[in-house]
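Take a look at this single chain in structure tokens; it is the form predicted alone.
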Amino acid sequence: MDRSVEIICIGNELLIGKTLNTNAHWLTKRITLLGLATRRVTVVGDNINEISCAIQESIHRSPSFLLTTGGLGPTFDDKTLEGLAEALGRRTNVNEEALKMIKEKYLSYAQEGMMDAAELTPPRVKMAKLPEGAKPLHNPVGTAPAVSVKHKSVTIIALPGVPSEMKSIFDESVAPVMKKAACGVTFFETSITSTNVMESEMAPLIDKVMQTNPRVYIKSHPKGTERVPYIEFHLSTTAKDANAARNRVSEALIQLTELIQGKGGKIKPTKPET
């Protein structure tokens, strides 16, 4: 079963360097720990055609899940739902369930004294205009609901760009679905760091360990310089059984450690994560 995920992050602020794309970092980590694999992260601006093209290109690759972040709010530059509708060849209509969610939010804001009236102005109604066949997802933190829609074999979920909203919706509505799709697959990772050995010397040794342990992926991350080498080695795998995943990585780690020490390198282990 395909367990791939793609992410499209939407917003001019990401492309001009004003905002760091922490949403992508957080999502990829969560997706990995749930047992799925992020295959691609794309960033596009607040442009309907750009959004539509990016979504169509992703659908063409047929990931299990396509997540978007940003562009669900009430302002003129929030164009994700229009871009999604264009990509799917569907119209946008006011979704009554989404409108109810939004109305209840503004009523609560008014009751709390945050605003004078909870009138459903056109910008507020805009957040309830979803592509045909889409359904809203509850936003525990903010106002704009997230949106879920199925197209062919791809489950598309549009999340807000505000990190606190995105995270809360993901944990409440998306993570359970992804965990089920992962069918019990467990991700395991660990890292070690070495000194006194250059990355170029380690390259054939990494190849050797990965050939012996084909289900373990090893990535080297140089932290120092060629003259003062300091390298982090990250080892990871996925398996149906947590113990099997841990054992695979442990075996590869032992072999890699011995090879590093054989080159005169010094090892500093780091705490494993699951």
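Sequential numbering from 1, following the sequence displayed. In this text, the rigid core denotes the largest set of C-alpha atoms whose superposition between the two forms falls within 1.5 Å. Worth saying up front: this structure is predicted, and the values here are computed from it rather than measured.
As for the form predicted together with another copy of the chain, it is not shown, yet the points below apply to it.
**Student:** Tell me, yes or no, whether residue 162 is in contact with another copy of the chain in the predicted complex, where a contact means a heavy atom of each within 4.5 Å.
**Tutor:** The answer is yes: residue 162 has a heavy atom within 4.5 Å of another copy of the chain.
**Student:** Does any part of residue 95 reach within 4.5 Å of another copy of the chain in the predicted complex? Heavy atoms only, please.
**Tutor:** Looking in the predicted complex, residue contacts with another copy of the chain do not include residue 95, since no heavy atom lies within 4.5 Å.
**Student:** Test of understanding: in the predicted complex, would residue 246 fall inside 4.5 Å of another copy of the chain by heavy atoms?
**Tutor:** Result no; residue 246 lies far from another copy of the chain in the predicted complex.
**Student:** Could you tell me if residue 114 has a non-hydrogen atom within 4.5 Å of another copy of the chain in the predicted complex?
**Tutor:** Output for residue 114 is yes: heavy atoms within 4.5 Å of another copy of the chain.
**Student:** Though another copy of the chain is not shown, can you say which of 239, 48, 43, 59 has a heavy atom within 4.5 Å of it in the predicted complex?
**Tutor:** It is 43.
**Student:** Only one of 141 to 149, 83 to 91, 166 to 174, 128 to 136 has heavy atoms within 4.5 Å of another copy of the chain in the predicted complex; I'd like to know which.
**Tutor:** Correct option: 141 to 149.
**Student:** Quick one: name the residues from 103 to 136 with any non-hydrogen atom within 4.5 angstroms of another copy of the chain in the predicted complex.
**Tutor:** Stretch hits, in order: 106, 109, 112, 114, 116, 117, 121, 123, 124.
**Student:** Rigid core fitted, then: does residue 94 show a CA shift of 2 angstroms or greater between this form and the one not shown?
**Tutor:** Superposed on the core, residue 94 moves its C-alpha less than 2 Å between this form and the one not shown.
**Student:** Superposing on the rigid core, do we see a C-alpha displacement of 2 Å or more at residue 115 between this form and the one not shown?
**Tutor:** The answer is yes, as the C-alpha of residue 115 shifts between this form and the one not shown by 2 Å or more after core alignment.
**Student:** Where do residue 115 and residue 166 end up in the predicted complex, Cα atoms closer or farther than shown, with a change of 3 Å or more?
**Tutor:** Farther apart, by at least 3 Å.
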